[in-house]
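In structure tokens, the next block holds one chain alone, the form predicted on its own.
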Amino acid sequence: MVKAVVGANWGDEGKGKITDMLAEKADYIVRFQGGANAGHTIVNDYGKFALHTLPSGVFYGHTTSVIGNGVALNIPILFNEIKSITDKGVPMPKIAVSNRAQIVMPYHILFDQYEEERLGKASFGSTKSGIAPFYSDKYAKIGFQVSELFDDELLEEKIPRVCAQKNVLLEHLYHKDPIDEKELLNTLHEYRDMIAPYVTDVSLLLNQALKDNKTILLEGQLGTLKDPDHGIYPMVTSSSTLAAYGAIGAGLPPYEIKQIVTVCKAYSSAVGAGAFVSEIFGDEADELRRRGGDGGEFGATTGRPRRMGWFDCVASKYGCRLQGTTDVAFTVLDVLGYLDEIPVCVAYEIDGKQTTEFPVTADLNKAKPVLQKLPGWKCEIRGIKDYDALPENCRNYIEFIEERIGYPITMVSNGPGRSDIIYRNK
């Protein structure tokens, strides 16, 4: 059976915890898109970890952690991440890296930085991890697949050809030093030696896993609103964040994905630029940011303060629809216990008209939130395991949102730990 864990919104929904939790009953956990530009924060018996490339189920000895062909693979970051967890006492995980995955090159990171500098105030709020230049090269067919690291003849022909193009941009657009071809070849040889123990035909591996009735968990990065087709374009990422892409990014048949757990926060947060209708500012935002998550709402990769907002029913309904949601996991509900009343964005007002359907970006930029306030529960809910034991106003908040997004909330997270979860029978 194949399950997917994906985000409904801008990312930062708490997918890492949900993946870590569901991985207990999985055999393979697959990252199928994106790169090290976003992180998943995990709190478990080993400690607190921010993972960027490794799947969030890496802490279980019975699982195999898979880097799919759809991932933007930064080999040194993966290598350092493996070391960072084993240094903290985590047993060496079983890892499989697709021979068809493509590599984030050192110059991709430079181009990302240089372009953001060049754009100035018009920049995209990139994490400067090389993701957009990486995917540009992938689709321009001048990227480097993992399998190519093991073909010296190919590298010696390809490196000068690619560098000729890159150096024109470096010298004449960005006024920077050109790429040294010999240095690049040496770097790729180092990458080859680092990654060699893990390289495999991932689609074949997962095909056999399906034949053996194993459970495969697909882990998405970011969320629906960062999808390049269906998100807040152009302030999006460069790979599809939808569960449907899991089939492509892992090499699986689409009909094998049977459960899609879409993660929603009990409030909203976002890192980076782009439309954010329910956003709040000032002291109100600072208070929610300080209390939020586990240790505050700051990006797991960048450390940037997250933009804060109230729960957005319009964006979340859309996000769940595009993901093909079977189950909603509702996270960080415990954070809201300090509020007397909790605003919820139930509609958008655009040019004087209200809508509950998520619009294209040009209209989104004009949208104003229509807020409805619900009474708070004013108490600590961590440690509660039974849904009926939650305060009435807390249950009312969950059920109000469930009704408006139209998808069943079957899991409620009321704390950062693996065991801080309430299951609802729907």
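Here the structure is a predicted model, which means the values were calculated and not measured. We number the residues from 1 along the sequence you see.
Same protein, other form: the form predicted together with ligand GDP, not shown, and the subject of what follows.
- Of the residues given (374, 384, 43, 371), 43 alone sits with a heavy atom within 4.5 Å of ligand GDP in the predicted bound form.
- Out of the listed residues 314, 339, 335, 344, 335 is the one that sits within 4.5 Å of ligand GDP in the predicted bound form by at least one heavy atom.
- Contact with ligand GDP, judged by heavy atoms within 4.5 Å in the predicted bound form, is confined among 71 to 79, 195 to 203, 327 to 335, 244 to 252 to 327 to 335.
- Taking the partner from elsewhere, no residue among 31, 57 and 214 has a non-hydrogen atom within 4.5 angstroms of ligand GDP in the predicted bound form.
- Using a 4.5 angstroms threshold between heavy atoms, residue 13 counts as touching ligand GDP in the predicted bound form.
- The shortest heavy atom separation between residue 306 and ligand GDP in the predicted bound form is within 4.5 Å.
- Interface residues of 385 to 423, taken as those with a heavy atom within 4.5 Å of ligand GDP in the predicted bound form (partner not displayed): 413, 414, 415, 416, in sequence order.
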